[in-house]
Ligand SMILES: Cc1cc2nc3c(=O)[nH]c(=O)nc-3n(C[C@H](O)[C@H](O)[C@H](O)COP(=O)(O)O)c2cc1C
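Form predicted alone, single chain, as C-alpha cells, below.
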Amino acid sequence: MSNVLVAFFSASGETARLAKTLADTVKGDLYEIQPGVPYSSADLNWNNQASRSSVEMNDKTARPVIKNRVEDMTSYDVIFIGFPIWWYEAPRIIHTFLESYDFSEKTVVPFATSGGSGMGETDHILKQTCPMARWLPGKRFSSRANTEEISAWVKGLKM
C-alpha cells in the first residue's frame, strides 16, 4: 500500500496502541485526532448521564472540536480511522474528523477497540456522515492485537 494514513482518536490509550501497530504493519503515517478540550476521567464516565461523553453521544449533531489538522490530506489514498466504541458506535469526534476533509476518491477503513461491544451500526452511520468516500468494512480488535492478526485483516480487504 502507498500513501496510507492511520488516523485515530484514543481516550485512554487503548486505541493508540492498536493504531501504532496498524501503522507499523501497513507502513502508514500516524495521526492522532486530538480533542480541543481533552477528556477527563469524569468526562468518560458512561454511567453518568451528565458526563461529557454521555451528553455528546446522546446528541447526534454533537461535533467536538479537533485541536489539530492533517497537514496534507490530499496526499493520502487510504485512510484507516480508529476509535473506541462508545454506545455501540464511533465517538462524535470521528464525525468532526470526517466532516473536516474531502474524502472523495479516498478509501476509508474504520477500526475500533472496545471493552466488549462490537461495531454495531458504526459502518452504516459513518458512511452517512461521509458518503463520498469508498468505504471498506470496519473491524473491532483488542487493543493488544498483534501484527499477524492485523496483517491478515488488511490482506483480506479489497483495496
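As the structure is a prediction and not an experimental result, all values here were calculated from the model. Numbering starts at 1 and follows the sequence shown.
The protein also exists as the form predicted together with the ligand; that form is not presented, and the subsequent description refers to it.
Which among 40 to 48, 26 to 34, 103 to 111, 59 to 67 is in contact with the ligand in the predicted complex, heavy atoms within 4.5 angstroms? Careful reading of the contacts points to 40 to 48.
Please run the contact check for P131 against the ligand in the predicted complex: heavy atoms, 4.5 angstroms, yes or no? Looking in the predicted complex, residue contacts with the ligand do not include P131, since no heavy atom lies within 4.5 Å.
In the predicted complex, does T147 have a heavy atom within 4.5 Å of the ligand? No, T147 sits far enough from the ligand in the predicted complex that none of its heavy atoms falls within 4.5 Å.
Quick one: is I85 in contact with the ligand in the predicted complex, heavy atoms, 4.5 Å cut-off? Yes, I85 is a contact residue.
Distance check, T21 to the ligand in the predicted complex, heavy atom within 4.5 Å: Judged by the heavy-atom cut-off of 4.5 Å, T21 is well away from the ligand in the predicted complex.
With the ligand taken in the predicted complex, which residues across 11 to 28 come within 4.5 angstroms through any non-hydrogen atom? A11, S12, G13, E14, T15, A16 sit within 4.5 Å of the partner.
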